[in-house]
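Here's a solo chain for you in structure tokens, the form predicted alone.
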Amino acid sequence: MKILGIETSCDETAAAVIEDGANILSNIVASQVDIHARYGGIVPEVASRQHLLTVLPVVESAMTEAGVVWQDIAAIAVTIGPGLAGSLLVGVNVAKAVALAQGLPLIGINHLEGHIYANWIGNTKPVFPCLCLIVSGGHSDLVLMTGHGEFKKLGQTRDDAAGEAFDKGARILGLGYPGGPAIEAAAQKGIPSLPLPRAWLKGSDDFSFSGLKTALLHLVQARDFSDSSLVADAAASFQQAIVDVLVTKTLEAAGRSGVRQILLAGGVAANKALGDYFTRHSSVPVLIPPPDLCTDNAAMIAACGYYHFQSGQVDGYDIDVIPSLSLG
């Protein structure tokens, strides 16, 4: 069964064809990083306009690379939220139009759930129950997954998400955008030796990174950061503080929940330091998608759509975007 996935929740225009929820036949992503880098962050109006320019060529490229025609496609899965309203509308309306024109079923997908299903792509076969850590620019969520479509949210960010903290930390250190890769690259040359706080929020599975960001700002204001080695040490210290909190709180929740696996998901899951720290400290198997499936892509949306379609979900052509959609 072949599913076409379309993803336009933020600043990546993506389309993919996935077979049986696991095999990638094509996975096309048109990035807008260079466009938004000049602004130091994503400009929603610019993002949606760029989606309008690229979405149809991206869909056509995905179909061509997969070597399929419309008669081969069983259904179209598209992200309906969470995300930027204007960006989501582009993908959803294109999916509606194609589904209507080709007489194909339409399946609306939660972007966060899609990130989790990146773990089903390829040869990996997650087992239930599992604990999902979704870490991205807008989310830091701990979600218990007991079956396909069965989620219970245990914790979430109270302020800045991990990815947002990386972006703001990189801006403070003058490392550029996007912040996650910039902090990670700088941290490889540094030592995590600077004193930065961890918000443990005892008795809760929630996360908080705004205090860490503020502490980094005060550190930079108090010291001479013209020395590149000090910038590298600050990046390493900042990254380690985030990794410590994410791993420790996830492992504590996993111990209480009795899960059989931990699944990482979202753009921050591509951070090598985070993956290595989990591997060293977890007694529960940890699954991490390849880096290109951690960041926004349509393969994960199509893979998730496969399981929804198998369970009988088909949405009407009046389906709408839900920018604040949650999971669990």
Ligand code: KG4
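Just count from 1 along the sequence shown to find any residue number. Computed from a prediction, not measured in an experiment: that's the story for all the values here.
If you look for the form predicted together with this ligand, you will not find it shown, but the lines that follow are about it.
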item	value
In the predicted bound form, segment of 187-195, 142-150, 165-173, 86-94 with a heavy atom within 4.5 Å of this ligand	165-173
Residue contact check: Gly155 to this ligand in the predicted bound form, 4.5 Å heavy atom	no
Distance check, His111 to this ligand in the predicted bound form, heavy atom within 4.5 Å	yes
4.5 Å heavy atom contact, Pro181 to this ligand in the predicted bound form	yes
Partner proximity in the predicted bound form: Gly266 to this ligand, non-hydrogen atom cutoff 4.5 Å	yes
Selected contact from Ala270, Val286, Val43, Ala66, since only one has a non-hydrogen atom within 4.5 angstroms of this ligand in the predicted bound form	Ala270
Contact residue in the predicted bound form, chosen from Cys294, Ala47, Ile262, Ile28 - any heavy atom within 4.5 Å of this ligand	Cys294
Heavy atom contacts to this ligand in the predicted bound form at 4.5 Å, residues of 111-144 in sequence order	His111, His115, Ser136, Gly137, Gly138
